[in-house]
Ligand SMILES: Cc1cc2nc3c(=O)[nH]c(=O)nc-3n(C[C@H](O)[C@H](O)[C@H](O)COP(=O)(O)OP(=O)(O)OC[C@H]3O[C@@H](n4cnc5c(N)ncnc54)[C@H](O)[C@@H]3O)c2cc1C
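Encoded as structure tokens, the following chain is the form predicted alone, with no partner shown.
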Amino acid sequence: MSVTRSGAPPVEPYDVAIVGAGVVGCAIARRLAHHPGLRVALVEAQDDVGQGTSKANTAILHTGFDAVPGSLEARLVREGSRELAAYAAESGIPVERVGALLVAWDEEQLAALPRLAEKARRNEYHDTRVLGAADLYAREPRLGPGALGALHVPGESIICSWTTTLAYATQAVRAGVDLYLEAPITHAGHADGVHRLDTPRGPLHARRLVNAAGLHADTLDRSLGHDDFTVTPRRGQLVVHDTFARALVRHILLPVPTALGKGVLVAPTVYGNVLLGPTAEDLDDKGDTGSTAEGLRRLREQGRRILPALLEEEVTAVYAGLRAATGHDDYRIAAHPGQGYVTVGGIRSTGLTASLAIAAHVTGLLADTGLDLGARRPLEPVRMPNLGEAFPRPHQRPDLVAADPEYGTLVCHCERVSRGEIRDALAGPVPPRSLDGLRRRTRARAGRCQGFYCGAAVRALFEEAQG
């Protein structure tokens, strides 16, 4: 078990190297960890898992009702949705099946709803239903005026995307995968059946390579002689409203989709607050994750139409992330057997839902390149700390507090995070390397005060753990 952020990799080639420790890269590493005969490296440019496109995910567990029928994405989302729902239940990842409403605001959108329902049936999802205005407002009484109807998709759910990525990484590392953090690829080459990945930490060698580099997947692809797609960073700005807004909305509220994506949504989160966003801004800079006054103004305009009362509620945070848009309407997953190389590009926001199915698909492609997977074993189950509001938190469990009083000592009162939870996160198999990493693992400093009251105490615990 190894998680490092300094030091050179070993000289001996790994059997498989995966570039990119987002939700898909971590899922692939976990899948390969089922085969104890394989030496696997997971290589990440940043200081933590889930830091790239995975961080911009709107945390929806999709049904795949609106994928392009017959596409690879449609199949992998459909399969992955079932697999992830089962995995989340086993692993303690919070999921709430709240359902979605695609709201029609004009006659053209209203006319599109039956076509979307038919598309869902072609994607083997048969539970959609077109609602009239009266039925829609009965379900969402705080919806803005003027809606004409909606398509109800009851199977859509909200999930903790961060805990999902960490659960995959935890199982992979526990099973022997070496996780290299702060190891950006500066050059990649392939000679004599071995890949060489140059990093500031030194070269890493592998006989098989999986490119799950997200925003940078096209760059790595081209360094190996392929020109299949170009990644355009698509910025999504989001606004997080305080938990007092949670009573305003019951479903994921979506517009009728366009070519740019699913559009701006209003959705509850498993943490008890409400999300507004994302924008869809195509940029040139793959590092531009800043929020803008203009982007937030547009979000507020759209939010006012969808759920007017939301704009009266406090804003807890704003943030932005980048998605890897390619201009293609399907994933760009391809094997290059002569190089022992698999590209996993063009993974959109559905990648969270499809992650386990993508991992199985990629493992099959690796086997087709001649990789001997060897024997398969079950992995040690993982039980993640609950970050969801719909389930008991540690301080609400008398048995847990009686056994360990640290779970009853709150440090972050906004999010009700205990010393015990912070202690556990700092000692985990994939520990945080920053206060932001600790926040993602525990929700400490993520509440309405944003660390104003608990920041010093949280920092002291973090620094004490760093020695």
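The first residue of the shown sequence is 1; numbering continues from there. The shown structure was predicted, so the numbers you read here are calculated from the model rather than taken from an experiment.
The same protein has a further form, the form predicted in complex with the ligand, not shown here; the description that follows concerns it.
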TODO: Check the shown form for clashes with the ligand: superpose the C-alphas around the site so the partner sits as in the model of the complex, and report blocked if 3 or more ligand atoms are within 2.4 Å of backbone or C-beta atoms, open if none are.
DONE: blocked
- [ ] Could you tell me which one of 311, 185, 382, 333 places a heavy atom within 4.5 Å of the ligand in the model of the complex?
- [x] 185
Task: in the model of the complex, the one of 412, 56, 438, 40 near the ligand [non-hydrogen atom within 4.5 angstroms] - done: 56
Open item on the list: Let me test this: is every residue among 214, 236 and 348 within 4.5 Å of the ligand in the model of the complex, going by heavy atom positions?
Closed with: yes
- [ ] From the candidate stretches 364 to 372, 340 to 348, 299 to 307, 91 to 99, select the single one in contact with the ligand in the model of the complex, where contact means a heavy atom within 4.5 Å.
- [x] 340 to 348
Task: 4.5 Å heavy atom contact, residue 195 to the ligand in the model of the complex - done: no
Task: Contact test in the model of the complex: residue 241 vs the ligand, heavy atoms, 4.5 Å - done: no
Task: Contact label in the model of the complex: residue 45 to the ligand, heavy atom within 4.5 Å - done: yes
Task: Partner contact for residue 62 in the model of the complex: the ligand, 4.5 angstroms, heavy atom - done: yes
- [ ] For the stretch 297 to 323, return the residues whose heavy atoms include at least one within 4.5 Å of the ligand in the model of the complex, in the order they occur.
- [x] 321, 322, 323
